[in-house]
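The chain below stands alone and is given as structure tokens, in the form predicted alone.
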């Protein structure tokens, strides 16, 4: 297993290098450049313009700029924001915990609900429960995040406030000076955070639950028709033991693959949802950086996303051996 881990890690290096080249080239091909906003400020002297070009390396050829960026990246320097003048790692460090809180809450809720829903729907195939789950899965997965988030804000924050003078849930942010009761002394910070988490985590969880429950149902249906499941039942094992220990264990492999692909979303965040609820996370940082053409921050976030994709796939591959002992790391 150690040799497999080392080999996969070494294989990831050229992959990440190719990804970085493509990302850098795509950003350079954009019709607008970050120095357009920096150099077209009023009262900027020609000497100051030249200094800005030299300071950020904009006067050098594109290949030189890329090599300089890679050299800094090797030294864990992800660059500095053109506008806030903060390190990209500092900006990511400020936003990443907020995204992990939001995505972790939504993902935990997904696993708690989607796994039993998918298993029951597969065991009771074509029942009323299965049909209801199928309908929910199609509707939930088709709901646009921005529309669903706005509808929840109107129904649970705007409408109650306009008619009754209070909000059931807040409309934005992750903290407030006063909770819904208006008494800051008894409204502690963890409770306030949980109060702000409800709507955005619900918006994210609905799509996750819809996709995962349908996926688990399909994987379970393939396993439930196998010969070893009939053998386990014929040996007199309880139905719960057959479903959990034999069927679900073997249906885990497709689920592990899906979870490995979703690990990057856990760290990078949901761009649209964070924007709708003004959640100060990675998704919103990416959106703000894209609007300002802050390429240093964009490249930092994108290369971290690529790294998380590679790590997520590696974790999924290692988890296969735990789920199915027949898999050998060779």
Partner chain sequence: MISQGLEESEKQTGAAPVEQGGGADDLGQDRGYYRLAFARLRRHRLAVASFFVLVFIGLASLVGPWLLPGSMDAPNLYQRFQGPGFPHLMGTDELGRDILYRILTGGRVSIAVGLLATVVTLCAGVSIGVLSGYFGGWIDMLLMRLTDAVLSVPSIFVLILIATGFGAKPQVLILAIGLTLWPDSARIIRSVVLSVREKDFVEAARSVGSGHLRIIISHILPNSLGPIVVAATLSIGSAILAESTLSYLGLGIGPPISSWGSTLFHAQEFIWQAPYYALFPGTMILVTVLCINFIGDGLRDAFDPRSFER
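We call the rigid core whatever largest set of C-alpha positions still superposes within 1.5 Å between the two forms. Positions refer to the first chain, counted from 1. Here the structure is a predicted model, which means the values were calculated and not measured.
Another form, the form predicted together with its partner chain, is not on view; read the next lines as being about it.
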- Message: Please tell me whether any heavy atom belonging to residue 162 falls inside 4.5 Å of a heavy atom of its partner chain, as the geometry stands in the model of the complex.
- Response: yes
- Message: in the model of the complex, does residue 309 come within 4.5 Å of its partner chain, counting heavy atoms only?
- Response: yes
- Item | Close approach of residue 217 to its partner chain in the model of the complex, 4.5 Å, heavy atom | yes
- Query: residue 246 near its partner chain in the model of the complex, any heavy atom under 4.5 Å?
  - Reply: no
- Answer range among 235 to 243, 130 to 138, 115 to 123, 79 to 87 for contact with its partner chain, defined in the model of the complex as heavy atoms within 4.5 Å: 130 to 138
- Selected contact from 173, 144, 97, 104, since only one has a non-hydrogen atom within 4.5 angstroms of its partner chain in the model of the complex: 144
- Task: Counting only non-hydrogen atoms and a 4.5 Å cut-off, give the residues of 261 to 282 close to its partner chain in the model of the complex.
- Result: 264, 267, 268, 271, 272, 275, 276
- Query: Just checking, between this form and the one not shown and with the core aligned, does residue 280 shift 2 Å or more at the CA?
  - Reply: no
- So with the core overlaid, does the Cα of residue 301 end up 2 Å or more away between this form and the one not shown? no
- Query: Under a superposition restricted to the rigid core, does residue 263 display a Cα displacement of 2 angstroms or more between this form and the one not shown?
  - Reply: yes
- Versus the form shown, are the CA atoms of residue 203 and residue 268 closer or farther apart in the model of the complex, given a shift of 3 angstroms or more? closer
- Query: Taking the shown form as reference, are the C-alpha positions of residue 269 and residue 117 brought closer or pushed farther apart in the model of the complex, with a change of 3 Å or more?
  - Reply: closer
